[in-house]
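A lone chain, given as structure tokens: the form predicted on its own.
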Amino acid sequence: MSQARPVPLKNIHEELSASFGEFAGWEVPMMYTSTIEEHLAVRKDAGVFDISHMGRVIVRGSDALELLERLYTKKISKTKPMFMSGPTLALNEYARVKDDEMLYRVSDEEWLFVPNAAVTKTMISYLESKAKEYGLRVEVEDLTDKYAMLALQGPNAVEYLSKIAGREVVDLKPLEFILGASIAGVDTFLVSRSGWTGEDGFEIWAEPSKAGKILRELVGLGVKPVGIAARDTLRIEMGFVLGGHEYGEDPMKYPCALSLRYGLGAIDWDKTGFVGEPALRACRKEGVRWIRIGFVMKKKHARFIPRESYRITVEGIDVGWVTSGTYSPIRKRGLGMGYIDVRYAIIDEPITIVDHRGREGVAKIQEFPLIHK
């Protein structure tokens, strides 16, 4: 923990009785009361997360759009100004995923993006090196230290935010963002109608002192502070992927990006010329062996919690592996996702999850999301 970098609002989290842990080199609030309580607050009311551990980067210059088009799998030029494009994938030459990101279009010559915490520096260096390689006029600036980042998520997020923000914020459309809006009497850098929980909500970038005021105001209104532990359980229920679990750059460890079944238009197949395209098209032509699936434990094995690297078997044969798993407070049983041989990827069919001690639990393959509302 001594090597971890504290999030800028750590003092406020301490006041709120947070317990801390390390994630991607950051000291982050893991939970405040309990993961289940915080998880349910987001699903049924609203919760506020400090996600300052994630990166905040600006890409500007006359060739900014051209650079991003060359590096991502989605046709981002179709995105309207002041809207987000994505999710989209940055691939390496083997069609493995460097990062999955949302890109914010301010204008043709100015874009923002939020890389995952573990790869912020890597992605900045990657963009800079590619701009130089292609001879493009682009400047990449790291804003991570300048702004903190909060996420207000839940079915009642709009109701809470309307008490401290104007209509220009509350009326944002999904994936729309605004610059310079006021919340709780302070100016923010950016507010977007977005999130990573499957619920309605907003993400807020602001200078740390201002973000701290917004955080206090939201908690004062009754919004539950939520730690990174519940953020993980929420994303697993939805089937959202995470670097180092469902994807990564190592072709010996992770399948081709096509195996992710990312959906949501993350790959535009009529787009050409992006990094990793030849390998991705080869994967499409040849077909994939492994495919990402979701699963929910059967009622009689509801207390079996699947974990990363547990084996997936059918009739005693190893056919895949778990990448992420948790206990779902909504389904009241274990659930997760993983990769399975495509021959066995049949919706509603049973599979067996085997832990490292050989203990078994039976699950059913299910489409994402893994929760029924």
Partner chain sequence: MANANIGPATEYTCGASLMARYEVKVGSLTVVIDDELLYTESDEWISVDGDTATVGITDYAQKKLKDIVGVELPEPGDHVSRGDSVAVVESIKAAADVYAPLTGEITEVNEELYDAPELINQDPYGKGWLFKIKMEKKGELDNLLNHEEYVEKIKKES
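Being a predicted model, the structure only gives us computed values, none of them experimental. Numbering follows the first chain given and starts at 1.
The next section is about a form of this same protein that is not shown, the form predicted together with its partner chain.
With the cut-off set at 4.5 Å between non-hydrogen atoms, does residue 121 touch its partner chain in the predicted complex?
No - in the predicted complex, heavy atoms of residue 121 and its partner chain never come within 4.5 Å of each other.
Does residue 85 reach its partner chain in the predicted complex, with heavy atoms at most 4.5 Å apart?
No, residue 85 is distant from the partner.
How about residue 216: is it within 4.5 Å of its partner chain in the predicted complex, going by heavy atoms?
Output for residue 216 is no: heavy atoms all beyond 4.5 Å of its partner chain.
Determine whether any heavy atom of residue 307 comes within 4.5 Å of a heavy atom of its partner chain in the predicted complex, and answer yes or no.
So residue 307 counts as contacting its partner chain.
Taking 54, 78 and 272 as the candidate spot, are all three within 4.5 angstroms of its partner chain in the predicted complex by heavy atoms?
Negative, none of the three is within 4.5 Å.
State the residue from 284, 303, 146, 132 whose non-hydrogen atoms include one within 4.5 Å of its partner chain in the predicted complex.
It is 303.
Counting any non-hydrogen atom inside 4.5 Å, which residue from 321, 344, 327, 26 sits next to its partner chain in the predicted complex?
Residue within 4.5 Å of the partner: 327.
I need the one stretch from 62 to 70, 30 to 38, 45 to 53, 312 to 320 whose residues put non-hydrogen atoms within 4.5 angstroms of its partner chain in the predicted complex.
This holds for exactly one stretch, 30 to 38.
Taking its partner chain as it sits in the predicted complex, which residues of 342 to 364 have a non-hydrogen atom within 4.5 Å of it? Please list them.
Residues within 4.5 Å: 357, 359.
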